[in-house]
Ligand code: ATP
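Shown next as structure tokens: one chain only, the form predicted on its own.
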């Protein structure tokens, strides 16, 4: 007889506690199949405000459980819609798996309240209960005996390795750039990419992702570390959001080692129009493709997007964060060129003056090398000059 475990819940989000418990249940019960079934709408509680859509929770569950042998994620409750009553789901499954032995997997709190559920008598008479317990002695034996006596219910206590996190606490942690260790890489990436739970990316994770995209033989770590440090210092000096400055600095060159065709494909993917000068100059193109990757893959804000987008050419009327990233890229500690010390000093006393000087130096350097400057750089300088007048 096939033995099937049913693991339901909101999975908002699915974390390592869910995974560990599922694996232990499979092992202890010898399940032939584990069905993970995210709810459309839980009957006993409201989902927190701004929760992901049911389809997003379904996708996160698929990502979380995809590596577990004999596990499958079902959309049956989400397809059914409305409140997800366990009895309705079990009736569907009983019809589908007529001769199977079905076990309902749950935590201790759900186990102790199960008699209040819709259709509880039928559930308890027709399924076994697999109950997670950090300490099997903590689950009242009397409750198991009562259910056995009244309904003939078989209860199996599943001893699990404790993961001291709840989905509620995890959602709170994610807003503070914490909690990544409780999620699979795939689920965490999905959360950040889709801007779920107000999550802000862990800086170590951003650094790792950024460095993985570099293919150049030259070690870019000194530059990456340098611009991050410089951007944070400048942000602190000028009262800009330091976390936004750090994020933009970490990701500013994320596509720089990609070739022109690869960068153009990124721009095409996200429907961005590239002008002729930018197509001709990979140094300019990486600011566009990098900003697009940062926005669509790492969920950065519009402000960070713009800081990355304009960090090579500058533009008229730059925001404070845009100025900081432009200058941090120019003056970070690994740089060496004539006039650097003056520019560094000015960046901390007169940021507009430093930006004007940086643009002038950039234009002079390009002229010396026979490189045609982008008109946007000239416009940025003209704008600052006009402000002085």
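Positions refer to the first chain, counted from 1. Every value quoted in this text rests on a predicted model; they were computed, and no experiment measured them.
Below, we turn to the form predicted together with the ligand, even though it does not appear here.
The closest heavy atom approach of residue 376 to the ligand in the predicted bound form falls outside 4.5 Å. Taking the partner from the other structure, the ligand in the predicted bound form has a heavy atom within 4.5 Å of a heavy atom of residue 171.
The ligand in the predicted bound form comes within 4.5 Å of a heavy atom belonging to residue 18. By the criterion of a heavy atom within 4.5 Å, residue 107 is counted among the residues contacting the ligand in the predicted bound form. This chain is drawn without the ligand; in the predicted bound form, the residue among 163, 112, 277, 72 with a heavy atom within 4.5 Å of it is 163.
Contact check for 190, 265 and 295: none of the three has a heavy atom within 4.5 Å of the ligand in the predicted bound form. Residues placing heavy atoms within 4.5 Å of the ligand in the predicted bound form fall in a single listed stretch, namely 163-171, out of 251-259, 163-171, 227-235, 202-210.
Residues 7, 8, 9, 10, 11, 15, 17, 18, 21 are the members of 1-24 with a non-hydrogen atom no more than 4.5 angstroms from the ligand in the predicted bound form.
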